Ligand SMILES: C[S@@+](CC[C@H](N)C(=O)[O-])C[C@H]1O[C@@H](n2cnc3c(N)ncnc32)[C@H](O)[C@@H]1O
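In structure tokens, one chain follows: the form predicted alone.
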């Protein structure tokens, strides 16, 4: 890998939560005009048939650096290169974005529909009455759940929580939350693989969630509704 050159331009397109029909118009236009499109295979499956005549290069964790180096080399030759990522750029694509930025002086970002928006729609909650917490950033687990526990105890906000695959998933989160002082009877919804054909929903309490098998999809979101009748 060479250092980023200010003459190199690359585009990052967020493809949304999984339903190809939720790909934005601007994202479709970038893909149709691309010479090279790269991304993890599951992400590229979402944009299949929308990449025009572009060369499509799937990547995996083991070879992502090599594939991104290839895209950088193509961009250096003046070709239009698009990197596809899941969901919305500002939720869990930080590491991949940093890899792209190391290779290009100019990175155009095209956000997508976020699974957080879909989760709000499915759970029937309003974004302005909620807070979002992601566990993708690795901290001490006690402090990781501190904001969750405090918010649940205050009862003024819904919580939308993004688990961290695969070492801190819904059952473990529920068990740790109870251990840290959360009410075992607090309701929780776990949404999996939103907008995909095999989308699933589970509703129950924290105590029930803690007893579930740890066999959730890495595309999972937990929703903790505030108590009925509570207001900001």
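Please read these numbers as outputs of a predicted model, since none were measured by experiment. Residue numbers count along the first chain shown, from 1.
This next part talks about the form predicted in complex with the named molecule, which is not shown.
Across the proposed site, 92, 165 and 220 without exception bring a heavy atom within 4.5 Å of the named molecule in the predicted complex. None of 145-153, 112-120, 71-79, 97-105 except one has non-hydrogen atoms within 4.5 angstroms of the named molecule in the predicted complex; the exception is 112-120.
Among 31, 194, 38, 182, the residue placing a heavy atom within 4.5 Å of the named molecule in the predicted complex is 194. For the chain shown alone, residue 88 is a contact residue for the named molecule in the predicted complex, at least one non-hydrogen atom being within 4.5 angstroms.
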